[in-house]
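Form predicted alone, single chain, as structure tokens, below.
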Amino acid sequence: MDALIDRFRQDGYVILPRVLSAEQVAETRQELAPHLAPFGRNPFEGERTQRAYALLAKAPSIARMVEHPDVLALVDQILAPTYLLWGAIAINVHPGETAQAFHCDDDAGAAPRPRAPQGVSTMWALDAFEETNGPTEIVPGSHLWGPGEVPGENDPRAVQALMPAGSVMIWAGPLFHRGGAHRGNTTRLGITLQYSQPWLRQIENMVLAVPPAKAAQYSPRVRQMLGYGLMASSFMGYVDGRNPARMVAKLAGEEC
């Protein structure tokens, strides 16, 4: 793990190959199939890309990715305790999709660069990410750049994140990246799960997207990341003066 953390801190990303089995990938694909929306509304969402949001309300098998021990072992070293699940989105890229603009995932905190990560993002490959099917493109080391440094549209420092199905890429919030152009013939499905510092507002309103009765089916760790818990060493997040974790635990029939 120390070597993995060192590589993450230096390059801004790591890839863990084949951490999901073919059976697990197939299960998630089946759960997601009814929920993939029409094509996106703008170039960032992708005008040739289907998306599905609020995944823990739609595809229960996503929870195994949210709390995968190999991923959380790294995120635990980067973010503060009781960090949150910031977003959970399926991205199904179709042939003909154009490349996104390069961007960072943790700009919402408005902290100046260079900065410690305000978030950590992951991309789970349910299809192989190959050269022609619109893989994520990253600029290694760009998480360490200072203010005003941004990659160009065709930046020669950018590399494709190629990985077999069942793999996951993990990257630091300040790392510049984008969805690549799709020049192939088949769709490419990925799941992005993003984690944030516990004091940042989530990009998805998780407690509305996954209400208490739905959240009760998940583990206490997943519930806490959704927002059903308190910030460590703080009362931040309480409901009527109490920890919301107790309310969800009761719904799950657990002792509390």
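All residue numbers refer to positions in the sequence shown, first residue = 1. Please read all numbers here as calculations on a predicted model, not as lab measurements.
Keep in mind that the form predicted in complex with a small molecule is not shown, yet the notes after this line are about it.
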Response to the item:
Heavy atom within 4.5 Å of the small molecule in the model of the complex, from candidates I91, A172, V168, L126, belongs to I91
Practice prompt. Could you spot which one of Q100, T82, Q160, T132 gets a heavy atom to within 4.5 Å of the small molecule in the model of the complex?
Written response: Q100
Discussion item. I'd like to check something about K214: if you look in the model of the complex, is any of its heavy atoms closer than or equal to 4.5 Å to a heavy atom of the small molecule?
Written reply: no
Worksheet item: Could you tell me if P117 has a non-hydrogen atom within 4.5 Å of the small molecule in the model of the complex?
Response: no
Worksheet item: Looking at the partner-bound form in the model of the complex, is D106 within 4.5 Å of the small molecule by any heavy atom?
Response: no
Worksheet item: Does R51 make contact with the small molecule in the model of the complex, using a 4.5 Å heavy atom cut-off?
Response: yes
Discussion item. Heavy atoms within 4.5 Å of the small molecule in the model of the complex: which stretch in 152-160, 70-78, 173-181, 138-146 meets that?
Written reply: 173-181
